[in-house]
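Have a look below at one chain only, the form predicted alone, in structure tokens format.
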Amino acid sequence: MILVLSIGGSVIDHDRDRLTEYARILRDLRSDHTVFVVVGGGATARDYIGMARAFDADEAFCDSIGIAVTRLNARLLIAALGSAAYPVPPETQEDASVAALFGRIVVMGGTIPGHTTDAVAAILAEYVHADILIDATSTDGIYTKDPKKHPDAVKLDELSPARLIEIIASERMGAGANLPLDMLAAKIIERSGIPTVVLDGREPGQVVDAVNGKRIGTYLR
């Protein structure tokens, strides 16, 4: 199986224990699967982006700052994985595909301004013909609306990419946006048809459950 895992930066920000647990799980998965990981920037990226905006930096510049942070986070996971990982974060999906030929876990961050790491992961999944795309976030799935703002939000166990696009259509997308999946990622998932699971990345073991076919989080198809 070819697995692409997107880990939100908020899931691993400054959490050594969780990084260690992800590294252990990914090393185990590597024995039976080809594994790609895309790491987000999280609160650290948002802090830097917020400071840049205070200096009137434009969104493309802010995106570049966020990308730099995602690549630092990718290097932290590479350090945790040790020799099981390809030693540097590829900067394009094509480079990631080539890096996988070495038989190691490939970990990358962002690529170009305007693409969140969820979009990067979706494009990567399409590029490498992944069997599954897993989005490990700081929530337990996708809701009808933001559960942090709306107490009546309902978690969805399954939905279509088209329905997801409807849910996120009204959200503003800027550098550092914090959405379950962004519009570009949702549209890539829709056109590729790759099975996608959005789950609670704060529980790394859920990734194994999803790979093993257990219904968990929100399933997109």
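Start at 1 and count along the sequence shown; that's the residue number. Everything quoted here is computed from the prediction, not taken from an experiment.
The same protein has a further form, the form predicted together with a small molecule, not shown here; the description that follows concerns it.
Enquirer: Report whether the minimum heavy atom distance between residue 46 and the small molecule in the predicted bound form is within 4.5 Å.
Expert: Answer yes; at least one heavy atom of residue 46 falls within 4.5 Å of the small molecule in the predicted bound form.
Enquirer: Please tell me whether any heavy atom belonging to residue 120 falls inside 4.5 Å of a heavy atom of the small molecule, as the geometry stands in the predicted bound form.
Expert: Residue 120: yes, in contact with the small molecule in the predicted bound form.
Enquirer: Please check if residue 114 has a heavy atom lying within 4.5 Å of any heavy atom of the small molecule in the predicted bound form.
Expert: Answer yes; at least one heavy atom of residue 114 falls within 4.5 Å of the small molecule in the predicted bound form.
Enquirer: Answer for residue 9 alone: is it within 4.5 Å of the small molecule in the predicted bound form, judged on heavy atom distances?
Expert: Yes, residue 9 sits close enough to the small molecule in the predicted bound form that at least one of its heavy atoms falls within 4.5 Å.
Enquirer: Run the contact test on 200, 201 and 217 with a 4.5 Å heavy atom cut-off to the small molecule in the predicted bound form and return yes or no.
Expert: No: none of 200, 201 and 217 comes within 4.5 Å of the small molecule in the predicted bound form.
Enquirer: Residues in which of 76 to 84, 144 to 152, 105 to 113, 125 to 133 have heavy atoms within 4.5 Å of the small molecule in the predicted bound form?
Expert: In short, 105 to 113.
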